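Below sits a lone chain in structure tokens, taken as the form predicted on its own.
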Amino acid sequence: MIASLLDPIAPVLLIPLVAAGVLMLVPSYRLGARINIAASLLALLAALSLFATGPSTGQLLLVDELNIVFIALNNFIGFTTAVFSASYIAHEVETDRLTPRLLRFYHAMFQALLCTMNLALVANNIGLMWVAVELATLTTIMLVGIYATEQALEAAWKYFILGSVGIALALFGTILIYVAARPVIGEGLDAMAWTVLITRAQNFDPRLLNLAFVFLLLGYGTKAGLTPVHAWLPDAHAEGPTPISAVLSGLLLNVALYAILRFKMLVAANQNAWAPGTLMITMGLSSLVFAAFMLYRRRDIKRLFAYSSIEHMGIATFAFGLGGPLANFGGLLHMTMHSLTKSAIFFAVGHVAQAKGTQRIAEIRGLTVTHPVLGWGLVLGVVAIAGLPPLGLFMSEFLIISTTFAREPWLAVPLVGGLLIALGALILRLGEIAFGEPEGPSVPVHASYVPLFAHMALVLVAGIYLPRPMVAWFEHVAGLLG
């Protein structure tokens, strides 16, 4: 344990953990926001330093080719969300929605959430990863209910109940993996370490692996917002603070899908086990098609983009289920681009809701006239999330569709159909929100535009040109995923 704490990985865990403790004691929201930003920046620098130190393996912690970019992405979005949060929370303080005590709790839980997500990504132990995801879930539940309104508390309880079911399923699947590994590896931590499990998986009982993956896919799929275990997600997005919505869609869903990918690699390493792709394709397509239709029925702007997150996690899950170098490449790129784009959209939506005093789509009109920077920022975000060129999600969706047509043409019909249905819903809503006749009150807000346009700039560049080192990483990891 001491050796793990001295590992180069440790700073990405210790910085947010220490910051969470400090922020519980800071009474000033301005000072708290600055410490929150500074801690997130230090965690980002610690994450980037892992590229210099290279892969690192310990009994409990691990940095390898699969997780290193996700660690960097996690902390980058954590930092930009902290910057956005400073201006967003300032408005919440001015309108008395958050008291000083709740502000201390909010900032401390924000850093605790980053710590637990980092821990889930770097865990070299299937039990430790489960604990980290559970802690991240409990942290977000408390943040979702922080406003203490009837709707917020209902959303938090709904998240708690469904999340508990999901994490219980994931725990049972984790236990089954250990049971499968114990006769081959023996008892103890080695039978729970990724680096050991993946080398001995061929000798595990395939029946136990098959059963375990079903429970793991449903359990961690709950956290990833996959249909039919998605019901907590729209309520959590709608009722919690918008920075938490950005972290949920941009980071926590990725962490859950990352866990599924780890177990997929484990099952795929056993030639006698069922191929896990069929289950992932089924859940991915059902999530995509279901969410695409549900986009037409949303009346709350944050719920609208919550269902968009379900759609895109479905696309990524489908891609990984299809498998192969090109589909896996597209899935990895899609996860990355969705994280950047969806968090940027919530940056815009948060300030839009504050400016208009409502989240109801029917009461938000003519944003490009009343708040042109916010309005056009939201337009750019919706164009990107809809998968239109030349932005990054167009490239990832093009790769996924291309390989689907080449390998399983019949699957391309629901895939493309779902994407077109979702595109129609998003464009319809965008026309109403951004270009309709302005109506209703508009309150000036001190918005922070840098995080929004920084994300969109990265998504635009990725749609036009990917640096060779990033392409090499995607290609290498795509090969590992099988």
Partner chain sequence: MAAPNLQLDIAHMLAGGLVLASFLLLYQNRIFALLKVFALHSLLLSVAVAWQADIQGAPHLYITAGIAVVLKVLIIPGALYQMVKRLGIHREVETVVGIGPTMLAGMGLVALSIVLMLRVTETADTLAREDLAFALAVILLGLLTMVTRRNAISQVIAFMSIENGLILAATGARGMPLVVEISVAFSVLVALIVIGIFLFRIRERFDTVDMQALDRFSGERT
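Numbering follows the first chain given and starts at 1. These numbers were taken from a predicted model, which means no experiment stands behind them.
One more form of this protein, predicted in complex with its partner chain, exists but is not displayed; see below.
Participant: Specify the contacting stretch among 262-270, 345-353, 360-368, 170-178, defined as having any heavy atom within 4.5 Å of its partner chain in the predicted complex.
Facilitator: Only one stretch passes the 4.5 Å heavy-atom test: 170-178.
Participant: Given that the partner is absent here, does Leu211 sit within 4.5 Å of its partner chain in the predicted complex, heavy atoms only?
Facilitator: Leu211: contacts its partner chain in the predicted complex.
Participant: With a 4.5 Å heavy atom cut-off, would you call Pro409 a contact of its partner chain in the predicted complex?
Facilitator: No, Pro409 sits far enough from its partner chain in the predicted complex that none of its heavy atoms falls within 4.5 Å.
Participant: Is it the case that Glu187, even though its partner is missing from this view, gets within 4.5 Å of its partner chain in the predicted complex, heavy atoms only?
Facilitator: Within the cut-off, so yes.
Participant: Decide whether Ile401 counts as a contact residue for its partner chain in the predicted complex under a heavy atom distance cut-off of 4.5 Å.
Facilitator: It does not: once its partner chain is placed as it appears in the predicted complex, Ile401 has no heavy atom within 4.5 Å of it.
Participant: Considering non-hydrogen atoms and a 4.5 Å limit, which listed residue (Ala90, Ala72, Val131, Ala275) is close to its partner chain in the predicted complex?
Facilitator: Contact check passes for Val131.
Participant: Using a 4.5 Å cut on heavy atoms, which of Trp376, Phe405, Tyr296, Phe160 is close to its partner chain in the predicted complex?
Facilitator: Flagged contact: Phe160.
Participant: Heavy atom within 4.5 Å of its partner chain in the predicted complex: which residues of 355-378 meet that condition, in order?
Facilitator: Residues within 4.5 Å: none in this stretch.
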